[in-house]
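Just the one chain here, laid out as structure tokens, in the form predicted alone.
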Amino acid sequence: MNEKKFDVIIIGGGPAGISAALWCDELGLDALLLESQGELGGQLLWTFNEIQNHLGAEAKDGRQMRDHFLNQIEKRRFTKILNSEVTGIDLAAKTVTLAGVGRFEGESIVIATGVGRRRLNIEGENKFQGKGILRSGKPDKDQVKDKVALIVGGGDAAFENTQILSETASKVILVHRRKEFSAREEFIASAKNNPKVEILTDSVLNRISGRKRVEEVEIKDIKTNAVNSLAVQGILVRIGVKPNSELFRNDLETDARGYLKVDQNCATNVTNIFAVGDVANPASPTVSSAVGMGATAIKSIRLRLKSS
């Protein structure tokens, strides 16, 4: 079994993890960057809108921003392992075990595992992934051309995608479990004034059905308990995100939603374990915040090593 000790092990290859790896090289620390997917980028790879609010760089979408980051770290020295499934982690011993690869030990561990989209956990949701259940409005809007699309959610993302899908769909139905929305007023007004959009409040999506692809959904009115079936050919779920912190919740302090708690140095309650990016920052889940937290954690680690 492969076994090597690093100054820093970084779990997660999104903006926060990439920033942490860059700063390890900048400060002379031997780092290992682990990413569960086949390429670096994290949530950037699922961001299809323009990014114009990251100081110093703009991009037409998340992938282009990711490419800016990769160009910048191309000559930086750190070890990188992609497609790395973490099968074991011991935060006290600072060891991480990867399936089929080996066990690695670090002086410090930086958790940069980000967030994932919340799911409905209803009948048909797993079956129809990629078969009528869409990833995002912008890249998938042609899949619902001249068809009926349904969006679940009440925030900015739900309303933005409602407008996007209405460009091609014959009709867009927005379903939200509450009467009020958390989206910006201008987004709500735009949807309400769109003749292609129908809004169903106090309602939940109960079931998704079809043969090979999505064909029908079951909608329940949570006030009257009435259930209606609607013909739908495309579904997009935008009900928020959840932190990818499951591996660490037995050892690290979290808030009520599962986000890892950190101090001003991005340190957790366990010595030499740090958390950066969206998994530890529900208040400001942005590229800029993630990049800054990555730098903060590594500078703190370097100071600790110098003083030890």
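Just so we're clear, the structure is a prediction, and the values are computed from it rather than from any experiment. When you see a residue number, it is the position in the sequence shown, counting from 1.
What comes next is about the form predicted together with a small molecule, which is not displayed.
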Please name which of the stretches 206-214, 94-102, 156-164, 137-145 has residues with heavy atoms lying within 4.5 Å of the small molecule in the model of the complex.
156-164
Which residue among 192, 223, 178, 77 has a heavy atom within 4.5 angstroms of the small molecule in the model of the complex?
178
Just one of 126, 83, 182, 228 has a heavy atom within 4.5 Å of the small molecule in the model of the complex. Which one?
182
Residues 48, 63 and 133 all lining the small molecule in the model of the complex, heavy atom within 4.5 Å
no
Determine whether any heavy atom of residue 28 comes within 4.5 Å of a heavy atom of the small molecule in the model of the complex, and answer yes or no.
no
Partner proximity in the model of the complex: residue 120 to the small molecule, non-hydrogen atom cutoff 4.5 Å:
yes
Residue 282: heavy atom within 4.5 Å of the small molecule in the model of the complex?
no
Is residue 239 close enough to the small molecule in the model of the complex to count, meaning some heavy atom within 4.5 Å?
yes
